[in-house]
Every structure is written in C-alpha cells, then in structure tokens.
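Take a look at this single chain, the form predicted alone, given in structure tokens.
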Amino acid sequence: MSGESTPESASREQTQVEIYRKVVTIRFAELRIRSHVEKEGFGGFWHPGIGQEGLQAGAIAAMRPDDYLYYAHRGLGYAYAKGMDLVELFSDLLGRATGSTRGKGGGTVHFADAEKHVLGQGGTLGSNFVMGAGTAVSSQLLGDDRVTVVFFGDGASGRGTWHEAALQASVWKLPVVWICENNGWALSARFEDQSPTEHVADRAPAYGMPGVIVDGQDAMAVLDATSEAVERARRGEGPTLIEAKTLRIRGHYEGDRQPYRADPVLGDEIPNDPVHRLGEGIPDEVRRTIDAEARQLVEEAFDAALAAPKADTSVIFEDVWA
C-alpha cells in the first residue's frame, strides 16, 4: 500500500484486508483438520483445499449475502467465506450434533445453511450444475436479482450434467456463474490427459457465454473476475464460466500417498502461496494481529466441536421425505 490514498483505493485496501482475514482463517482451519486426521484418525475422507483458499474467498467476496452458493468438495473455505460458523463446520466434519446438518455429513464436506444461502453440494459429482441452474431459474422467475455461484473442479467439468446445465443456462440467460477450480488433477488423472482442450474456459464459446481465465492464486484478481461475472448475471445477460488456475498441494484426500504423481507436494511450502501474495502490501502489524486472531478463533472453534456430543444415529432418518 503506497502512494496517495483515494476513496477508491482505500476501499480496495480494506477489501484486501477483509479477504486476507478470511483466507488466513481458512488456512489455519485446513492445517487444524490435517493435524487431527494425522494424529487422531478420521472416519471419513477429508479432501484438503489448502493452497486454494485465495480463490474461494476472493470469489465469494464478489457475492451478495443473499446470493446462492453451491460449493465443491475441496475444503471448507467456501462455506466459511459465505458466513457460516466455524464451530458448525468443524462439527459437521466430526459428526457432531452441533453441525449444520446435525452430524449427517460426518466425515466429508457436506454443510448447508439456508440463512446464509449456502445450499450445499449434491450427493454425486456434477449434480451441483443442474441444481445451480434450478436456483437460477427460480431467481429469474421471481425477479429477485439473486445470482447463483457454482464451484467445481476440472475433473467435474467433463460431467454430462455440466454441459446440459450450461446449454440451458445460456439459452435462458440464467443468472449463474460457473467457477472451475482447475488444480490440474482429477483424482489421479492429470488435466491434460483428460481434456481435449488446453483450458476448461475454451469450451465456453460453444455455449455462447464468456470464458474467463484467471490466476487462482491471486485472490484480488479472482475477486475482479467474479465481480464482473456476477454483475453481468445480475443484469440479465446470462452465465459466465470462470476458470481459476490453481494447484493441488495435497493428495485427492488426506492420506493419499499419490503413487501416480512424480512430484507430490507434501510439505508446508506452497508454491505461489495465495496467503503470501494477498498479504503483500498489508502492514506487518496488521497481518500479525489478524494471524493471531485467526489462529485463536480456529483453535477455540475446533475444541468446541470436539467437545460437542456425537450425532445420534437416528438423525439419518430425519428430514427424509421418501
């Protein structure tokens, strides 16, 4: 932060600080969960999102509180950035009754908060696409100018549901933004081995929508790209596909030894780390204060979740309609 400050630049700097606070908190949450999995074991599959926090928080900063969110399964950054409580998120992962799903999603990433308009994710990979198109249809019919944002990975971009939903969303000019977190890996398959195009965004013109490529390690760049796409959707001009280029730092799930990968990144050194990039220009004292507050918040929330009662097995029969 240097040079003469204007109202616009001051607002931008404040936004950067606010996103940094979210990103650092998500990073500490990722590390806390990883530590728990390594030391205590885990009755499920944790798909880490470490290294991808910047794009998740940057994109969601472009959304209004009443916009709809469908997240992908890599990490919890989406839900936290949208305003969900950390104790609830940790409780969901740990199968505690204090989770947003009261423990139903224990062991994997399944959160939901209707008041925050976090609508979860489908039970099968790719089902988010059609559900996202559905809420976008509802916004169009109701005229409430809400936008639906749907995150997905590069592997899910090959699902038939994406192509069906993208086609209809474009024909009907639905207010939806598709955000692909292209980390280069679909489980054990490299992106270049499972895509006929160099970029996922290359496919957008076939559906009559803009295809935008952005550096996913640069949270502010993601904010700018998403803001433009969200406002385009809100103006009734239809969907946009954003491809955020990022990295998969850990395995497909925590504990995956990645025998299929010649250069697995298993340590704490994150190439092109979004935390460091976002922190550039923020005064050291401000960053240190935010870091300390975020670490304390995460530790207290995780301890609270661990101390909460485990979900009763009867919860699985609740809210079952058929």
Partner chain sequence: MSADVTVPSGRVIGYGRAINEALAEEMRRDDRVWMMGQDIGRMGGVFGVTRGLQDEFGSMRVRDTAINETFIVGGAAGAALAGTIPVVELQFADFLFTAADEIFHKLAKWRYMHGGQFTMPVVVRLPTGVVGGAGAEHSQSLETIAMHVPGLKVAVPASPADAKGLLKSAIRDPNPVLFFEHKGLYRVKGPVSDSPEDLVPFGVARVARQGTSMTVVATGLMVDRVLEAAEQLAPRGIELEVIDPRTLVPLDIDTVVGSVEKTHRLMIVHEASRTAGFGAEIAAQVQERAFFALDAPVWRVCGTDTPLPQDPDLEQACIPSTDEIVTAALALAAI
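Positions refer to the first chain, counted from 1. Note that the structure is a prediction, hence the values are computed from the model and not measured.
There is also a form predicted in complex with the partner chain; it is not shown, and the following applies to it.
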Report yes if all three of 111, 120 and 134 come within 4.5 Å of the partner chain in the predicted bound form by some heavy atom, otherwise no.
yes
Check each of 252, 102, 232, 199 and return the one that places a heavy atom within 4.5 angstroms of the partner chain in the predicted bound form.
102
Pick from 227, 195, 98, 161: which has a non-hydrogen atom within 4.5 Å of the partner chain in the predicted bound form?
161
Residue-level contact is defined here as any heavy atom of the residue lying within 4.5 Å of the partner chain in the predicted bound form; does residue 28 satisfy this criterion?
no
I'd like to know if residue 170 sits close to the partner chain in the predicted bound form, meaning any non-hydrogen atom pair within 4.5 angstroms.
no
I'd like to check something about residue 188: if you look in the predicted bound form, is any of its heavy atoms closer than or equal to 4.5 Å to a heavy atom of the partner chain?
no
Classify residue 206 as contacting or not contacting the partner chain in the predicted bound form by the rule of any non-hydrogen atom within 4.5 angstroms, answering yes or no.
no
Heavy atoms within 4.5 Å of the partner chain in the predicted bound form: which stretch in 288-296, 32-40, 46-54, 62-70 meets that?
62-70
